[in-house]
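Given next, in structure tokens, is a single chain: the form predicted on its own.
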């Protein structure tokens, strides 16, 4: 891990303390707590290239601080773990899949995962890789694991918020000789720690709640040091899918408020879900934090927080569109996890097998009472 304050000085620090201080270097008199972004394509390099920074596609001091910070949140106190940051969540996802798989290998993907996964599937199959799919719920991926090289888990799934038993899937996959990667975007490291559940990789889009302000594209992979992570690092070097130093610095700055944002947004998401539960026009309501949600029992065993996203279905596409137009505090936008609430009719993209009236609502940091009132008012107006 890193030499930062939480890495060594405060091994039992609470999550708020850890988030505020994660990845910070030792203090230097008259220097800022978080050093500014380092803009460099190359570095002074006399003699043999033995130093940590040689060329800007391979390493950058600003990335290093951020990678240490994320590692301290994803795997606190664990030795032999490293984090690599990428230009986007899809760059991080691709780095694991394409660095670990070869022609003739088999991979298991969720059939209800992120809408870009079908594009990934097409590319994997073009390279001669067998792709199997199964839903997230009921641990259905167990049924297609035999002979697979890699199992890709998305829990909670995006956008339908199903949850699988990660530890059970990991144990079964490892018994069959397969690696396991978990997309941890919806949960964040404060909601779930896949490596602690036995996974080999925790992968996420830092674009979402990790940075939380809707102004940064970023991805990361945290994994156990060794051959597999070496291959991920090599893939990043070959493809050049690297974040800019300004994006990395903004991400690190934003992590300091992660616990504050996550706690507020999770509590508000539960309040919104509870308000929606009693509405007759709402069907298919999903939020893992609701005690009667189909995934709550499993989620409560492996998640410390349940996320900021609520999903539900309105009767028709037209009703859903009227609802979105009537919202005043919620922007009609894709993505999720930001401090400003967003919602969208997910079917407009055509990549998710959801009803036309399916809504994905990302709860922001507004006052929960105001959000609930806005959602209920918009439901009433959309019925006219």
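Remember, it's a predicted structure, so these values are computed and weren't measured experimentally. Residue numbers count along the first chain shown, from 1.
Although it is not shown, the form predicted together with a small molecule is what the next lines describe.
The partner is absent here, but in the predicted complex a heavy atom of 218, alone among 190, 75, 109, 218, sits within 4.5 Å of the small molecule. Note on the partner interface in the predicted complex: the residue among 63, 336, 358, 323 having a heavy atom within 4.5 angstroms of the small molecule is 336. Residue contact with the small molecule in the predicted complex: residue 236 places no heavy atom within 4.5 Å of it. Proximity of residue 129 to the small molecule in the predicted complex falls outside the 4.5 Å heavy atom cutoff.
Interface residue remark: residue 98 is not counted as part of the site for the small molecule in the predicted complex, having no heavy atom within 4.5 Å. Not displayed here, the small molecule is kept clear of residue 161 by more than 4.5 Å at the level of heavy atoms in the predicted complex.
Across the options 203-211, 299-307, 168-176, 137-145, residues that bring heavy atoms within 4.5 Å of the small molecule in the predicted complex belong to 203-211.
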